[in-house]
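The form predicted alone is given below as one chain in structure tokens.
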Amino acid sequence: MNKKIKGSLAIVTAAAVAFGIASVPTASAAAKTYTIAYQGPLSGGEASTGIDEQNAVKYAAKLFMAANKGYTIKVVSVDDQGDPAVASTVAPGVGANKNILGVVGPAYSGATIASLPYYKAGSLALISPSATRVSLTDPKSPDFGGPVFHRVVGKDDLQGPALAKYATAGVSNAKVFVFDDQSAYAVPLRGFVENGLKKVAGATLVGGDSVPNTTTDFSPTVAKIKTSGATVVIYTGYYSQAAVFIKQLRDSGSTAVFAGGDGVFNQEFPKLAGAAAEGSKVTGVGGLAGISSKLEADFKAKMGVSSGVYSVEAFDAANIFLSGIKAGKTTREAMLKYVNAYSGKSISGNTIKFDKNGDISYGLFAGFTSKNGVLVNTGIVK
């Protein structure tokens, strides 16, 4: 693909036009530099998710600059490790840096909650590609992120029922065990999963557990699972711990179906878990390859890697900010108003529009299964 220069330029132009950011550059145009940030886990056990998202943000910036020669876009990296404690130490600096017009992120719900006070104080617009906790857009909750928080992903009151349905599909009279990692994301998602199970014909909740996200020995949980007679096990935490758990579950002799939410949705999960992950079920969203093979090829040529988890969402979020810059919204206050009123197309073709609380106008989750060491998309869970 990188040898076909005309093809690459066509992709750049098409993507730019799709987001309303194309322009005809002029030689006399003065260079203008604007800054956006990406915040997520760029180191630590969850780094794969953050790196995938940040790559998509950088790719969007490359396309924008190729179509708009008078602009330079800087992407500031904000590594919160997906940890609220770390987020609370990095967010003050981001909030104080007035050059930053918007943040793609934070990636994780707990880190978002910890960062919000600093971003609200600075009127800094946030568009998360992956923070799904319901309370972030609930004005009755102390976690409410309005008016600065927005997300281009569905929330967990939609994901929970989808995960319950997908995990139990094909299992007759499923006996389900659900457990969480005590995080701001996992605990409420578990509740939505358990409520969703009530609507699955023949499914029964036979047990549950809650363990710290630092757990390395899951033997007490495995013992509970075996005692309960569970035929399906659903984990609502993240992929790094899921990989440790599934190995121990399989070593115990259990053949129960293992399933996880979008926190487990990462190609690192089957890599880390190896053969133990085979047949696992996960809910999540796809990368650019599911949108366009040509766009995926161009992404790989420009970024040196394939797109990954939440690439579509991170790409969309970045392009909202970039279109705002193109429209002249170059102060935080102007950018926030622009994002709040935004209506445009996702690269997937869906219309992006935020409600008054920051939720996107759509929110779908696909099912993935681990096959031969790779998570394979099996389609939207309906």
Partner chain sequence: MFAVLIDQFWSLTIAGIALGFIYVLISLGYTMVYGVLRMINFANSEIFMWGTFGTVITSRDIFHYTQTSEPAKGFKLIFVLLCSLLMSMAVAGLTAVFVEFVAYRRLRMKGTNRLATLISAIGISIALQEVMRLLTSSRPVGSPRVLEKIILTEMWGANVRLDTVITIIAAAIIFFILERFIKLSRMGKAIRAVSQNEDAAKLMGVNLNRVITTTFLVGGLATGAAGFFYITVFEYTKFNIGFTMGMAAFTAAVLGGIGNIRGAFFGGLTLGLLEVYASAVLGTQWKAVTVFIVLVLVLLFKPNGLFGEAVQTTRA
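Note that this is a predicted model, so its numbers are computed, not measured. Residue numbers count along the first chain shown, from 1.
Same protein, other form: the form predicted in complex with the partner chain, not shown, and the subject of what follows.
- At a distance threshold of 4.5 angstroms between non-hydrogen atoms, Ala334 is out of contact with the partner chain in the model of the complex.
- Taking the partner from the other structure, the partner chain in the model of the complex has no heavy atom within 4.5 Å of any heavy atom of Ile73.
- For the chain shown alone, Tyr239 is a contact residue for the partner chain in the model of the complex, at least one non-hydrogen atom being within 4.5 angstroms.
- Although the partner is absent from this view, Thr351 stays clear of the partner chain in the model of the complex, with no non-hydrogen atom inside 4.5 angstroms.
- For the marked spot (Thr137, Ser323 and Gly328), a heavy atom within 4.5 Å of the partner chain in the model of the complex is absent from each of the three residues.
- Exactly one of the stretches 124-132, 210-218, 85-93, 150-158 approaches the partner chain in the model of the complex with heavy atoms within 4.5 Å, and it is 210-218.
- Of the residues Ser252, Thr204, Asn195, Ser77, just one reaches the partner chain in the model of the complex with a heavy atom at 4.5 Å or closer; this is Ser252.
- With the partner omitted here, the residue from Gly304, Gly170, Gly274, Pro142 that has a non-hydrogen atom within 4.5 angstroms of the partner chain in the model of the complex is Gly274.
- Of the residues in 32-68, those that come within 4.5 Å of the partner chain in the model of the complex through at least one heavy atom are, in sequence order, Leu42, Ser43, Gly44, Gly45, Ala47, Ser48, Asp52.
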